[in-house]
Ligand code: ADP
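Next up: just one chain, as structure tokens, the form predicted alone.
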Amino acid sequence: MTESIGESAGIPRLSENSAGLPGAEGMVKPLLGCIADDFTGATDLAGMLVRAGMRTVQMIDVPTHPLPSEVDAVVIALKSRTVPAAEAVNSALVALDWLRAAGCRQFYFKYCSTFDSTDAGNIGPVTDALMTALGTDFTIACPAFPENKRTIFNGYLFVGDVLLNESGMRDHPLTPMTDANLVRILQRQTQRQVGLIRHATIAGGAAAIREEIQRLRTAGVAIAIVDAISDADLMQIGAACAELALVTAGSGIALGLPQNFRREGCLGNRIDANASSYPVGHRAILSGSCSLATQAQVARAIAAGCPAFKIDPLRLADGEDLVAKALDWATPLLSGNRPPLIYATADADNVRAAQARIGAVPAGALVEQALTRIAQGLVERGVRQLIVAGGETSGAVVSALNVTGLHIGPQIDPGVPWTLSLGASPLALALKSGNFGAPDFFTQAWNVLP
């Protein structure tokens, strides 16, 4: 028998008190509590929920302060995609405890649409831990995001027209994806039985999906990879997940979940829930991602006349103060017509060369530290609208800028909205996953700001 949303393991329902949550008294309790394994992924998910009419706030790590009022969904952004599995599990469980105390009724573990992970985790271990904590015996795994050309068919993940292992993800410096079969990938990360809900079932609609879920549960399957090749599929999958305490997915399933709360009368009929007011000030772009998509975006911006400064990890390793040089270079350009671009983006051969000389982890840390210090310097110089490319880079930058949360604004490209930082001195931030965005993202994103 399936458990109702929020009834498994004593999860508080809307009418219950959120005891233990700082400032919780009198707070409107959120419906959906989300845990994202990186910052750009959290923003991606929050943007999808906003588009579906849920008033959504993204918190940077587990909050220590009350939520803003009138929030339907909370997304807690962790930096756990590539940390050791035990650390990822611990941070996810802390986030879950906070979301349960906030009164959330359903929970969502969000990972990348390219299922970024290794055989040691972290998708499987975190899913296992959340299932155990919630006392549930079944969940789905569906990273599909058709709008961004991530589709699943017969359990195989496609990026555009090619299998995952034939895409640029095969050369990812931290989580190279060399297998496109999601059942195999996830089964290597968990001792729970992994199954598959094929597209023929998805085509039968929500009722057929629910029947298949029940059949798989009876057969001992605990986690099911779910095929999806269109937004219509995601809507049906979302409807079928109404009674699951936990959903694990990319951001695509967020299209289909809000309708469940709306049918219950818990959510209004808003078309969207965008933030609308953004600060004026200087503009800049920071890029730490080395994905093929970001490489193309950097190249397009430079070709369009965007002034650019490259951060080279080998020069950093040799002790060169590229932070000071980048800031000195950028300062007179901030009042110009084209925002300066400071980037560490490089192709796979250059990444491997840097890693061979100084090591993968030290190379990444040097670049991350440099870009965060540059971000701080840019804000000190009056930058109020900032694009950051790369999940790890975005996480480091928002932490360095002491950003505690984000209101979600208008979409720039699928999976990438503008956001507005909480607090007295807000920043407009576009936190872009390395794999996302059109080739002209860096030059066209500014046109979307209200």
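Start at 1 with the first residue shown and count on from there. If you're wondering where the values come from, they're calculated on a predicted model, not measured in any experiment.
Below, we turn to the form predicted in complex with adenosine-5'-diphosphate, even though it does not appear here.
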property	result
Listed residue (His172, Arg217, Arg300, His282) with a non-hydrogen atom within 4.5 angstroms of adenosine-5'-diphosphate in the predicted complex	His172
Heavy atom within 4.5 Å of adenosine-5'-diphosphate in the predicted complex - residue from Ile197, Ile140, Ala354, Leu286	Ala354
Region of this chain that lies against adenosine-5'-diphosphate in the predicted complex, out of 42-50, 407-415, 66-74, 386-394 [heavy atom, 4.5 Å]	386-394
Non-hydrogen atom contact Gly434 with adenosine-5'-diphosphate in the predicted complex at 4.5 angstroms	yes
Distance check, Asn260 to adenosine-5'-diphosphate in the predicted complex, heavy atom within 4.5 Å	no
Heavy atom of Cys241 within 4.5 Å of adenosine-5'-diphosphate in the predicted complex	no
is_contact(Gly364, adenosine-5'-diphosphate) in the predicted complex, heavy atom dist at most 4.5 Å	yes
